[in-house]
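One chain is shown next in structure tokens, namely the form predicted on its own.
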Amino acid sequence: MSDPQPQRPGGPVMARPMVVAIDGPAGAGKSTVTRRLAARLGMLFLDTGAMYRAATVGLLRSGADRDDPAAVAAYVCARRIGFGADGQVQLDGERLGDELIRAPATVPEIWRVADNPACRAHLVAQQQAIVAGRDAVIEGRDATTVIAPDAQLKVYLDASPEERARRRLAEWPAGSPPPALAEVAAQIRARDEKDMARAVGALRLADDAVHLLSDGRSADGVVALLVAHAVQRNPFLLERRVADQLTVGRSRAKGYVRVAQGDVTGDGGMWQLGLTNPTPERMPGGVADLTRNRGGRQAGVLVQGRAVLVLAGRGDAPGEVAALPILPQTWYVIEPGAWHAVIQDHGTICAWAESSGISEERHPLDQAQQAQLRAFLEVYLPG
């Protein structure tokens, strides 16, 4: 577990920990998406399902009467369940690997813990203690409604029963004849109905959650959408993840903003100033490549309209795409060697400064990178 993140600029609301809570039906891709999202944002990942599995492993070992809800609660409520530095779940300090918590003997028995109100209350309290004061991504059937009802971003990650059935069949064990798609989809619908009717921890769509249907989207595309939604709620969230590519200078007063200290060009050169209007190749839907600078920095600020800064690392070619909206009265100083593009909506004007003698090169984005970019723009520049 990492230490609590330091406070960010922007006042108490923006400085409070960022919590993203994600729930939704089984098979919608929550586990894959939440892990990748936490890694992209450098945040703690809380897998609440692993905690229920760990409690079940301990229950089966204990010899307690698993058919007696009071005995189950007495055992589980005396347990301390958390995570080690490697992210693996621990039961009273003992590391439990996936081979235990996902074993065929464990999975069918999880309901004995998950459907027990006392057990659920005990584990929810431990989950809330784990994320207290931390930036975190929480995955769980009741993440948005019970564990983190005040989360800054709530997401109900969904997929149609047919889509989830296709995903399940794609992972069907070799050598075992798969059932028909319609049969698997019917089983999924039945499980959804059961999960929504549970007496405790029922699955439901929170009123203020983003309802995201993942049909036809890649996991990386879904992650990009969620990063964009998170950054909309806290504009400073992504800045520390791209600090090697970007320096941000902002002022609450109108007029001049100091963008950097000392020799901002890196070579003793002068700044060249100007205004930019949207061009077809740098408007939504038209961006197919990114640029990197040689010999100095560029700096831009939004004058009017809407603009998005796209960044993709400092490697030999663009890497994973990140994007953030350009805010008024904020200078974005792009470091030399950073792959980037500024996408300007219709009617947008940006003011730009760049060091003299600067040169640039371009590199095309592959299909996966373009899909990530489209996901960001779907949130930042809708319509």
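Numbering starts at 1 and runs along the sequence shown. Everything numeric in this text was worked out from a predicted model, so none of it was measured.
This next part talks about the form predicted together with a small molecule, which is not shown.
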Which one of these stretches, 320-328, 65-73, 51-59, 351-359, sits within 4.5 Å of the small molecule in the model of the complex when only heavy atoms are counted? 51-59
Contact with the small molecule in the model of the complex for Leu213, defined as at least one heavy atom pair within 4.5 Å: yes or no? no
Any non-hydrogen atom of Cys77 within 4.5 angstroms of the small molecule in the model of the complex: no
How about Arg102: is it within 4.5 Å of the small molecule in the model of the complex, going by heavy atoms? yes
Taking 4.5 angstroms as the cut-off for heavy atoms, does Ala114 touch the small molecule in the model of the complex? yes
Taking 4.5 Å between heavy atoms as the contact cutoff, choose which of Arg134, Arg306, Arg167, Arg191 touches the small molecule in the model of the complex. Arg191
Which one, Asp142, Glu163, Asp220, Asp158, lies within 4.5 Å of the small molecule in the model of the complex by heavy atoms? Asp142
